[in-house]
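Laid out below as structure tokens are two forms of one and the same protein chain, each shown alone and named structure 1 and structure 2.
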Structure 1
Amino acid sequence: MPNSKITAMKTWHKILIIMFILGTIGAALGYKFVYNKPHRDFEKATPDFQITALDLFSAYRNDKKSAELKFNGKVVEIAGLISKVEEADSLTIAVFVMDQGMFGDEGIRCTMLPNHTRAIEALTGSEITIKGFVSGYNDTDVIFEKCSLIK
């Protein structure tokens, strides 16, 4: 009888060691292929749509649901008159003002990539083209992230 208990304990130890090794390998593979995967380069991404800033804003204002289905989560290139540039913490935001609402300017807000902040500040009041990732519409502004200036 004592030998069977020792054999059973050895078997459980082997099973636990194998489970630990498999768990460690699984965690390492998960880190390598999921957590550590390279991020999309929005600056070099090909735009899914090219549209004027006014047409994009109008699409969201007139039919929010269909515009969200069409543009949200896509890289979009917009052209229009940049009204102003805002600073928020360490972010630079290019603003295309399309309308005046109850709470101020309404339009398109584009959070610029860090290497485009100086160039965008000098272009206030100019016709420009910007490419970025559309993250949504908050009933006053179309929100772009990771934007770059197209020359």
Structure 2
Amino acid sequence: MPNSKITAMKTWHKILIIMFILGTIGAALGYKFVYNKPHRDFEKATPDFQITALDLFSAYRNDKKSAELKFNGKVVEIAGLISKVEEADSLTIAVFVMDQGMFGDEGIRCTMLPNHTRAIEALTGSEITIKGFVSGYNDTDVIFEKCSLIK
């Protein structure tokens, strides 16, 4: 076999090996950062909006559609008087009661992050600021998830 042909084959081998390695690295990175990408850290997230609890509730109450477009899926920081703290399914929910309706208390319900549950329990009845992810309005309450206590 002429020398030039052997060199050409070696080059092809090298290219194939490099492609294989790059492919493996790509797949591993893809797995780690795309398929297994971490959940957003809502405790560290910068709020998209800062608003009083009453103003947020009124926004949904008065114009549901536009409030949904503006706040749903956003990180929002609210300030207001916390009325009660409920426990359900090992979750802690901070409740800002704004009104009474057909189905009892209406307002804002915030599921706390696990490391913020104990602090909130002592604060019933006081003015607090909470940050979390707004999942929407179910015609009685505005629902927050992954909440952390700011102050």
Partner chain sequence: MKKLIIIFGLLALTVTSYSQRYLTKNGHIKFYSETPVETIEAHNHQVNSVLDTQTGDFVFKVLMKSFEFEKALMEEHFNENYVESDKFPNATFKGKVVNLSDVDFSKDGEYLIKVEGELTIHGVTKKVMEDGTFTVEGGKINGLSVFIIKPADYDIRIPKTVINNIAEEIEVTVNISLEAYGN
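Numbering for residues begins at 1 and runs along the sequence of structure 1. The structure presented is a predicted model; accordingly, all values stated were derived computationally and were not measured. Superpose the two forms; the largest set of C-alphas matching within 1.5 Å is the rigid core.
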Q | Structure number, where the criterion is the form predicted alone | A | 1
Q. Superposing on the rigid core, is the CA of K32 displaced by 2 Å or more between structures 1 and 2?
A. yes
Q. How much does the lesser of the two rigid parts rotate between structures 1 and 2, stated in °?
A. 41
